[in-house]
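So this first bit is one chain, no partners, the form predicted alone, shown in structure tokens.
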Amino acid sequence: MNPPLARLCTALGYCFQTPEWLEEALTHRSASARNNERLEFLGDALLNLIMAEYLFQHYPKASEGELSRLRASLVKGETLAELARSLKLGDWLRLGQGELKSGGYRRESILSDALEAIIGAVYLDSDFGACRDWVLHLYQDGLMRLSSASELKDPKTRLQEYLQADQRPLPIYNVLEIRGEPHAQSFTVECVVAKLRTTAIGSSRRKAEQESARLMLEQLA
């Protein structure tokens, strides 16, 4: 294994017997026809299974819905990207010139996909037990801080439940403005409840809606 990849293995806490798996996991489709998309598919399935098994064992009283919300908080792109940044994974990615120029090594989707691909690579390089142990070690801080299932409800869900309990009309979300290039857009969204309005800006429509819902909850509380 070449020295740079050996340093990455040290950061990952896993030494590959077949370094080619790691090289493939780090390769974005913009850089090569042999890229990490298939490994990402495998890693996504493995991560969901590993977290489902962990939560099933450690939260015996949680309902199916609560387990699903807990798992979703662990496997979502934002969480994966945060882990990838902590590993400085962006420094190791192999990207095409277009993605390099547009800052793809910082993009949440590219970072999260690469980490899922590495999970798939670890599995193929070892076995399910070793992969599960490595993933749980990678997530150990997050698992220790894991919130209760009720706290994981997103602001839009909490706002809807709040209004339904009070028998009030449900919120309406309107996109007021979209700015920026396709790879770096910002969305301005308003949340309307009767005569109340809140406005928020986010890097996606979903994030802007969630933030406007959170602001609405603060007004209604």
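As the structure is a computational prediction, the values presented were derived from the model and not from experiment. Between two forms, the rigid core is the largest collection of C-alphas that superpose within 1.5 Å. Numbering starts at 1 and follows the sequence shown.
The discussion below concerns the form predicted in complex with another copy of the chain, not included here.
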Though only this chain appears here, would Thr157 touch another copy of the chain in the predicted bound form if you measure heavy atom gaps against 4.5 Å? no
Taking 4.5 angstroms as the cut-off for heavy atoms, does Leu26 touch another copy of the chain in the predicted bound form? no
Exercise: Leu124 in contact with another copy of the chain in the predicted bound form, heavy atom 4.5 Å: yes
Is there a heavy atom of Asp166 no more than 4.5 Å from a heavy atom of another copy of the chain in the predicted bound form? no
Heavy atoms within 4.5 Å of another copy of the chain in the predicted bound form: which of the stretches 74-82, 87-95, 125-133, 106-114 has them? 125-133
One residue of Ile178, Leu49, Ile172, Leu196 in contact with another copy of the chain, assessed in the predicted bound form (non-hydrogen atom, 4.5 angstroms): Leu49
Could you list which residues of 16-46 come within 4.5 Å of another copy of the chain in the predicted bound form, counting heavy atoms only? Trp21, Glu37, Arg38, Leu39, Phe41, Leu42, Ala45, Leu46
Could you check whether the CA atom of Ser204 moves 2 Å or more between the shown form and the other one, using the rigid core for the fit? yes
What changes in the predicted bound form is the Cα distance between Leu67 and Ser203, by 3 Å or more; the two atoms are closer
So the C-alpha spacing of Leu83 and Arg206 changes by 3 Å or more in the predicted bound form; is that change toward closer or farther than shown? farther
